[in-house]
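One chain is shown next in structure tokens, namely the form predicted alone.
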């Protein structure tokens, strides 16, 4: 099959979160299954490293309707990990100094990108059978196709899959953008409108042939107002075309046997290197050596990741005998809290504000346990990565965490779970993990089970291929 994967970021060229991991891994897995998969991204001038820029080849340029005007778009291509990448270039929209998102004109930037994807297909020799668009930044691709391109002689018959990675971020703007900025005729206003605003994601849900999420549990949860951030009414009307497939991870990128940035390599059968990783991690973050369990956290420091629970019982966690290592940044209240805990417990707590990819891998490899008490978690990759490195997850059973972690109350358990969003339920799971940790024979068996858990993309890719074939049956 021919699949175009449209995303606002993708590993290894431009990344800010889990979407980039998926957009970098799923097309690669599709290509390995023998399909023609391509990725299309904005060409972020100040974000994409020079080594990737040097691999790009100029293809052509064209003009893209944006509201009442036309904007230049350059097209570049490169082959990365066996996958064709297309890069859409417009420095007015994509030469920004600070990150990928969060600018006053994001609606216009990604409206341009969405329409440019379709215009690109009219000038290159590649017609996908399916376009898989991701999150609100690409939500207008199926919308513009429905409005302007479905009868185009080069584009007719393309099917559209829209994937929701996080329903909280919907692309919601005032109705005044409809015609002048988005270039959408007034007679399509009802398609774009939701709760008296423009809503990119709602419109994509309406017109896409299939809507997917990044785990089966999350696909059920988003029909509940607790999780849907207001979109449950739109989704309930389209339940017949909604499903969820659990994400995977790139097992080559996250491989403790070959990872060059951890102090010692190890495997399920040869685990001595993990002890070295723990010793070196404690040394790197300035904590004393010892046998106490090390609890790691790598996350954006925001409420829905469960940090209000962590704050509430943090002293109790320390009193249970843990050392805690945190890497992340986010809301000032949590950054300030962990800075205070670092000073209150200098021998027990290490906090690095920000995101350091190599340190993240060393935490995965060197910690004993990994805490993810999320209020909601569409899929989550960190728990899968921690399993890969033999670090046992402690998670709230929601979204992809529920789909990927089996509680150790089961003989095939791979981690510790708790159900309700409650600080003391979380503390109970942490305490169970601590008690298990000191039974070294059983703990080593648990590490082996964790490291043997298979979260490669091969199975998930087969599910996506099955969905694409359902839309485009082949002779």
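None of the values given here were measured: they were computed from a predicted structure. Residue numbers count along the first chain shown, from 1.
Omitted from view is the form predicted in complex with a small molecule, to which the following refers.
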In the predicted complex, the residue from 378, 393, 183, 171 that sits within 4.5 Å of the small molecule by heavy atoms: 378
Could you check which residue among 204, 214, 367, 111 gets a heavy atom within 4.5 Å of the small molecule in the predicted complex? 214
What stretch, of 378-386, 123-131, 188-196, 102-110, brings heavy atoms to within 4.5 Å of the small molecule in the predicted complex? 378-386
Is there a heavy atom of residue 14 no more than 4.5 Å from a heavy atom of the small molecule in the predicted complex? no
I'd like to know if residue 22 sits close to the small molecule in the predicted complex, meaning any non-hydrogen atom pair within 4.5 angstroms. yes
Residue 362: heavy atom within 4.5 Å of the small molecule in the predicted complex? no
Residue 166, heavy atom within 4.5 angstroms of the small molecule in the predicted complex: yes
